[in-house]
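Let's start with one chain on its own, the form predicted on its own, as structure tokens.
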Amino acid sequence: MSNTIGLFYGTDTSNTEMVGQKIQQQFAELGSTVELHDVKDTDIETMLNYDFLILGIPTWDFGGIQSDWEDIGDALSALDLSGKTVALYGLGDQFGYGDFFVDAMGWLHEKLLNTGATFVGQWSTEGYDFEASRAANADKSEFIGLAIDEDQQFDLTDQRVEQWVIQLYAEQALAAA
């Protein structure tokens, strides 16, 4: 596993950045370096410098895409991420917007589907209460990545991040074996 991971996030309230910092800290405890990049301040081509990418995006209101990610959506779809591993995390409010919970993470996944990237980090929907999500699979048993609800379940964020990072670390080690 490459020792340096690129974590790219977009944020308006700093919550997505804060979760990124928690991910960075958890990986540091496992001996890996995570470099944080705010997509509004970073050339999207910087993603090509990493073999392992973690991308974080919040969902706004009724399925809205965070504006910095939306601005680079087409450029993102045009990247060649063949040979790269990508994990996604998304923030949303499952009670206030239960029909659109972490939809932006699903949008981000859709933008990356044809880039050649390999996805890891699927996350169980157990413990969440939502009606619909663009980031969930057909039977609503898994999200495409880690779902965080800083509005309603902020007390579970640290535990979820810790478990997800351990999961990613294991998935990466298996992929490298």
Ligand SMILES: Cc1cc2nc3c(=O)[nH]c(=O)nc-3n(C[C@H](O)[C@H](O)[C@H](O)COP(=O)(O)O)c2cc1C
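Just count from 1 along the sequence shown to find any residue number. Here the structure is a predicted model, which is why all the values come from computation and not from measurement.
As for the form predicted in complex with this ligand, it is not shown, yet the points below apply to it.
Distance criterion of 4.5 Å from any heavy atom to this ligand in the predicted bound form singles out D61 from the list D139, E45, D61, E126. Within this chain, T157 is remote from the site of this ligand in the predicted bound form, having no heavy atom within 4.5 Å. Looking at W107, you'd find every heavy atom of it more than 4.5 angstroms from this ligand in the predicted bound form. Contact between E162 and this ligand in the predicted bound form is not found at the 4.5 Å heavy atom cutoff.
The closest non-hydrogen atom of E70 lies beyond 4.5 Å of this ligand in the predicted bound form.
Contacts with this ligand in the predicted bound form, taken as any heavy atom within 4.5 Å, map within 97 to 120 to Y97, F100, F101, V102.
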